[in-house]
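What follows is one chain in structure tokens, specifically the form predicted on its own.
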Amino acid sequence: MAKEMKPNEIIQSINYTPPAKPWMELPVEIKPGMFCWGAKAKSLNILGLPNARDWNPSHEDWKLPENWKDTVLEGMADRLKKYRSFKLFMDICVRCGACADKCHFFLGSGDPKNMPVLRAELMRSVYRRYFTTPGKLLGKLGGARDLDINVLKEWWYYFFQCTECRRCSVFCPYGIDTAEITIMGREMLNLLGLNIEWIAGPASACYMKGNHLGLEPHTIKSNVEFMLDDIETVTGIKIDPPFNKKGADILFVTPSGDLFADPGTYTCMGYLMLFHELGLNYTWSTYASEGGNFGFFTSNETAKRLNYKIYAEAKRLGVKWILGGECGHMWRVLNQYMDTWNGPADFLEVPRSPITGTVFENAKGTKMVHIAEFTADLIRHGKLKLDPSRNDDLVVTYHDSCNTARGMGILEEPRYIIRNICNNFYEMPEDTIREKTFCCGSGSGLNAGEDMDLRMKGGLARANAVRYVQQRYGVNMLANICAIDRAALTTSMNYWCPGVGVTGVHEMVANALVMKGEKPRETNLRGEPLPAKGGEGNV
């Protein structure tokens, strides 16, 4: 474990001066605090990945098979044939540098190999050497280099310093999706068993138990029961949510982080209160108990398998459609990949709100609606009694989660909800939100403890924008609709912006929600005194 850097040490360490030597002559230096532990043999075996063994990235010997080079090149050849976009992205980059200063890891580290263009060059140089005529003939003069063990380690080090957030792609004049290059790089590394445990562990747990945390069905129910006790303490209302109920109209799926860890548990309490107030005919599942998809950070095939469990459970329970909670990669997978991998889900109905009658035409293929869309529609139709003054102790800004914003286009619905449940809302600077949003700095499986320096460097760009509204408007709460963000940003805010908390949108919805038969509210869901005793507000 590395000694964690202090904020001023990170700031002082950033140097954007180009190195004296060309990048190909700069050897990779695997620094403590900047990488995650290697995947364990047990996790690799469960996922069916080759070369399963325990290994340590800080050791010289990574325990690779003798033919590892052939394996990688064959894997690259296979993917160049399978994915036209991959071949296109290898060929069309003109190295204009438009993406260079858009990556939060480059901004926070100053490492030129974290420029998206150069991170991609790590792979393009090998592609040129083995798959293009100029590279075969001219070698280094043609921008090519041999694949050796140092290049492989460089791949691993930097492809796991990318959160696949796709901010760089927004600014690329050719539309190159550098995240897809990272995905391909990780797929080829997986051919050698070079994954990280923070990805392989959760993905394998999801294979075995249905969720990333490996929670058993009885544990899930017990965790929810603790939340129900807290809800009853705050509201005086006893809620009895259904589990594994066949014939319900709606299957509700949320990331397992909402079931287990603060502040996600408060968001989960918000779901429970909202559904109870609506009298929604829905069910939780203790089997498809994970909306997130860490398989997406492993390979397309793994992501496809993990996505399917949601639909298999929807079919088993005989529901009409699926409602999903506040998650990031669940929604990017569903919006961008579901119909190709597992769809269309013709055994389900096009989602129609039983409360407002709204038909969600955008979900015709996936048959799955985001909770922010669902709740925004409820508010627009006046179906909820809300008292925003209950959130008057909060001065809120909103973080667009990369996967729901850039990956799905959910931009206005969360803001619409916040403006109806909160009286003090301020946006961060325009070039840091919506499609241009900065990443939390810990996504794509990097939210571990051993790579804290990497995470805080990656989180600096987002924190800088939060710091701006904190100092200008007194912002003390950062809202978002992603479970990874709620976990990652809590650490990042404590580090960079002390005094700024982190919340899910539906935690604030629950605090503002005036429920039928509730007792006078004295505290919010966190047990903190309300700024004003609400009960009469209506939006």
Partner chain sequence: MLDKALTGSKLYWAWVLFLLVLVGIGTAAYIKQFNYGLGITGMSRDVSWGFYIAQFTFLVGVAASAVMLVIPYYLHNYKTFGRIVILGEFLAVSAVTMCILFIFVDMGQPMRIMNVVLHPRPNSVMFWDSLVLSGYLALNLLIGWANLHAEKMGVPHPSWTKPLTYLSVPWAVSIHTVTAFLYAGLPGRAFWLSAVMAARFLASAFAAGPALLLLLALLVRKITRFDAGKEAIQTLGKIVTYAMFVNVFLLGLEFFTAFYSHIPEHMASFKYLYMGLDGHNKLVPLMWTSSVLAVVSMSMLVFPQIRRKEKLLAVACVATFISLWIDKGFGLVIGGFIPSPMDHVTEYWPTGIELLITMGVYAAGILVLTVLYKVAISVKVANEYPAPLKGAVEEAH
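Numbering follows the first chain given and starts at 1. Here the structure is a predicted model, which means the values were calculated and not measured.
What comes next is about the form predicted in complex with its partner chain, which does not appear here.
Heavy atoms within 4.5 Å of its partner chain in the predicted bound form are found in exactly one of 154-162, 253-261, 229-237, 425-433, that being 425-433. The partner is absent here; in the predicted bound form, the one residue of Y468, Y130, W321, F275 having a heavy atom within 4.5 Å of its partner chain is Y468. Of the candidates D146, E412, E349, E74, E412 is the one whose heavy atoms come within 4.5 Å of its partner chain in the predicted bound form; the others do not. Although the partner is absent from this view, K136 stays clear of its partner chain in the predicted bound form, with no non-hydrogen atom inside 4.5 angstroms. Contact annotation: R380 falls within 4.5 Å of its partner chain in the predicted bound form, judged by heavy atom distances. Heavy atoms of Y416 reach within 4.5 Å of its partner chain in the predicted bound form, making it an interface residue. If you take 446-482 and check each residue for a heavy atom within 4.5 Å of its partner chain in the predicted bound form, you get Y468, R472, Y473, in sequence order.
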